[in-house]
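Take a look at this single chain, the form predicted on its own, given in C-alpha cells.
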Amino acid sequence: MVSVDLLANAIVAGLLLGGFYAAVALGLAIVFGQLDIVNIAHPALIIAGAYTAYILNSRFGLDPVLVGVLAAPVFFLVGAGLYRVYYAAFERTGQESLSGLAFFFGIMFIIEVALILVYGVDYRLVQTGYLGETLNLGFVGLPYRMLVPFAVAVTLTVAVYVYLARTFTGRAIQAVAQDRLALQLMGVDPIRIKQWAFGLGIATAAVAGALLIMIGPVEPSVGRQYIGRAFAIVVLGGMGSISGMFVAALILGVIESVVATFYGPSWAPAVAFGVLLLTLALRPAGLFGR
C-alpha cells in the first residue's frame, strides 16, 4: 500500500526539482525553441555558472543566488559574442545545421577541459547558512537547498516571460523566427535581435548554474546529464513556449521524483522520457505548441 505521506513528499520534491529543471531549460526555450539554434553547449555554460558561484562563494562568501544575478550580464556578453561568431562562420553561409552543431560541441568540450585543467575532477560545493535547513509544513518537508532554487527559478521564468510578452524587443525575439521579412519592414535588424536573444538565453545559464551548485556538488562533466532533459522539456512544452516549458519541467520533475521514490532512481529517467515520447505521439506540437 502506498504511503500518503511518502507520496505527498515525493510530489512536492518533484515540483521543486521541476522548478530547477525550468531554470536549466529556460535558455534553450529561447535559443532552441524560438531561434532554432541547437546549442548543445548550454549545459556546459550552466556548469561554468556553477563554478563562478563556487569561486566567489569560497573566496568572498557571496551567496550563490547573488553571484548568479551578478554574473548574468557577463554571460549575456559572452552569449552575444558567441552568436556573432556563429552567425559569421555558419548562419550567414547557410551551414548552421551540421557545422553549427559541431561548433557548439566544440564550445562544450573547451569549457569542460578548461575546468578540468584548472579545478580537476573533484566535486565542488558552496557553503551558506540556510542550505542545510528544512521548512516543515505538517508531514511535508521542504529543504531549503531545493526550495530556494525553486523560488529563484519561478521568479526568473516569470521575468523572462513578461519581458518577451510585454516589451518591443521581447516581441521581436518571438517574431524573428516566424517572419523575418516583416521584422525587417518594421526597421528592425533580425541579426541584432537574434544576438540579443542568444545573449539573454546564455545569461539565464549563470543563474541556473548557481542554483545547480546549491542543490548538490558539481564537477566539470556533470552538465552532460542535463542535455537530454533540457531539450526534452523544451520540445514537450512546445517549441518557443515559456509557459509550456515550465509546465513540462514540473511534469518531468514530478514523474522522476515519484518513480525514484517508489521504484528506484535508475527507473526515473526511462519513465520520464517514455512519458515524453507518448505525449509527443499524441500531440506532436507539444503541450502548448501551436
Partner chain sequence: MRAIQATNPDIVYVASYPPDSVGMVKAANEIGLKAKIFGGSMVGLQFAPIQKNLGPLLNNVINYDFWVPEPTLNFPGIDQFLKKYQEAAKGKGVDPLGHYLPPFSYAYLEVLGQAVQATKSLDHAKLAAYMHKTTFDTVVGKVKFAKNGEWAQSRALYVQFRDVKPDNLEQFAGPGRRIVLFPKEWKSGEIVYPYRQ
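Positions refer to the first chain, counted from 1. It should be emphasised that the depicted structure is a prediction, and the values quoted were computed from it without experimental measurement.
The following text describes the form predicted together with its partner chain, which does not appear among the structures shown.
Peer 1: Answer with one of 170, 190, 143, 81: the residue that has a non-hydrogen atom within 4.5 Å of its partner chain in the predicted complex.
Peer 2: Of the listed residues, the single hit is 143.
Peer 1: Counting non-hydrogen atoms within 4.5 angstroms of its partner chain in the predicted complex, say which of 93, 127, 155, 184 makes the cut.
Peer 2: None of the other options qualify; the answer is 127.
Peer 1: May I ask whether 9, 123 and 261 all come within 4.5 angstroms of its partner chain in the predicted complex, judged by heavy atoms?
Peer 2: Contact check passed for all of 9, 123 and 261.
Peer 1: Can you pick the stretch from 170 to 178, 73 to 81, 196 to 204, 114 to 122 whose heavy atoms fall within 4.5 Å of its partner chain in the predicted complex?
Peer 2: The contacting stretch here is 114 to 122.
Peer 1: Against its partner chain in the predicted complex, would residue 100 count as a contact residue? Criterion: heavy atoms within 4.5 Å.
Peer 2: Heavy-atom contact with its partner chain at 4.5 Å: absent for residue 100.
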